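Coming up is one lone chain in structure tokens, specifically the form predicted on its own.
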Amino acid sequence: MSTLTLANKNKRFRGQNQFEPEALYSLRKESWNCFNDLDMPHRANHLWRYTDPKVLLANNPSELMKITPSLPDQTEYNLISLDEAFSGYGYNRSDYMTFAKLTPALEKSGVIFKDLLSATRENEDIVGKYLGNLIGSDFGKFEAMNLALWNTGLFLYVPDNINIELPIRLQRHPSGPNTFHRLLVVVGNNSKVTLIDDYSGECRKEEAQINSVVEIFAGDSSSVKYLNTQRYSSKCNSYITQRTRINKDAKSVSVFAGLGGNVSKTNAGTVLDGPGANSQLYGIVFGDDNQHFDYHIVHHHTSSNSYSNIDFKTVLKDNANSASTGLIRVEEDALNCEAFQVNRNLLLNEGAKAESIPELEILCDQVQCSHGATISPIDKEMLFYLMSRGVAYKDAVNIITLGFIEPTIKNFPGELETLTRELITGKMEG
């Protein structure tokens, strides 16, 4: 047992907050005890082979239990204006107050979008069924800490047969030296939604720790697009855990863009839990300076006749480094599944370093699966071709790099596609 765990072992969980439902308080308390009982992740475990977990653990967690989310100020809520390009907008402030707003038409349709604390009080029949169901206190030490200590959260519920055409945008900002984000999304049968989950902002302290958990539940024949962008300032260390569970004939498209921060680790994936389930997962990482990125991607097939694909690309320059581990797991009774993954890494100079480990755990022999990985520098023949036609060296490198990532960027919605391309272009020219 680690010294940190021993230090917190004798720390009893705080008393119940006056705005906190009994069920939520019990869940938090149970998660706190679980967090203290769990040892720090072992570096021999492949999930933590490339990142020291101590770098991402919040300081003085026993003090952080006193920081709880604030109920939103209705006056502030009424002042929120929606961009016509979005169906909804949610964000958190540095005072742990979280706001969410939908278009009037969606509110009338039965869609619920609000801060998570209010949802635990007003929509306990839904939240109680799903909160912590995919990523609970038994998921891991960091996830148990999040469930016990989350201080800013959002909740989205989409009833059956609702098609939300325009994206819902979330902006998640650091709230002091330690921020615990949580997002719970429940999408009904035959419904459709796109979420842009944007992690951004400056850290006021010398260094800030962010721990975020995202749970998405998609019903039969639903369609969910989830886009995660991490563009924190260089003082931020972030750990994000995300899981989507899709049912029969449901489709999930997940896109991850890692651009900012200092040390960034993401554990993301989809559970394909019904026949006909289809999951597409795309990723782009662009690291420079001394940035460190660590992405673990999972596709877990628990049902027959399901399909998944992972296409993850990494570009590194300066002394940046990255690790990408992709896992496809097919259960014994999940017949006739198709699952593919590929990870491509482009190194722009000698100081950059990439690690790639594609993994298969196939417990059934009636499947079609493949995996692949590449790590390479800029192609010298491509450089020669462009430079022989009058293109300067730096411009040639930029052209090749943009060509490398362009097929993946096209999976982003319009505004985010433009923003991501601009951020990557800025890094190349920096």
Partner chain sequence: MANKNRILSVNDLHVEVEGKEIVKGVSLQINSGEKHAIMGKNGSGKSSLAYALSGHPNYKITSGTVEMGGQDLLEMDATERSLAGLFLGFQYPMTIPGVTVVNFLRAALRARNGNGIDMKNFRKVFKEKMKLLKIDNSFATRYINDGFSGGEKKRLEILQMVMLQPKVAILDETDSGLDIDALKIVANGIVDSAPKDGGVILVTHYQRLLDYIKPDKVHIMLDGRIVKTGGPELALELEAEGYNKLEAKESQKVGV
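Residue numbers count along the first chain shown, from 1. It should be emphasised that the depicted structure is a prediction, and the values quoted were computed from it without experimental measurement.
Below: the form predicted in complex with the partner chain, not depicted.
Among 65-73, 373-381, 36-44, 357-365, which stretch has residues whose heavy atoms lie within 4.5 Å of the partner chain in the predicted complex? Flagged stretch: 373-381.
Test of understanding: in the predicted complex, would Y50 fall inside 4.5 Å of the partner chain by heavy atoms? The answer is no: Y50 has no heavy atom within 4.5 Å of the partner chain.
How about V391 - does it come within 4.5 Å of the partner chain in the predicted complex, if we only consider non-hydrogen atoms? Yes - in the predicted complex, heavy atoms of V391 and the partner chain come within 4.5 Å of each other.
The partner chain contact at K410 in the predicted complex, heavy atom, 4.5 Å: Taking the distances in the predicted complex, the answer for K410 is yes, it comes within 4.5 Å of the partner chain.
Is there any non-hydrogen atom of V55 lying within 4.5 Å of the partner chain in the predicted complex? No, no contact at 4.5 Å.
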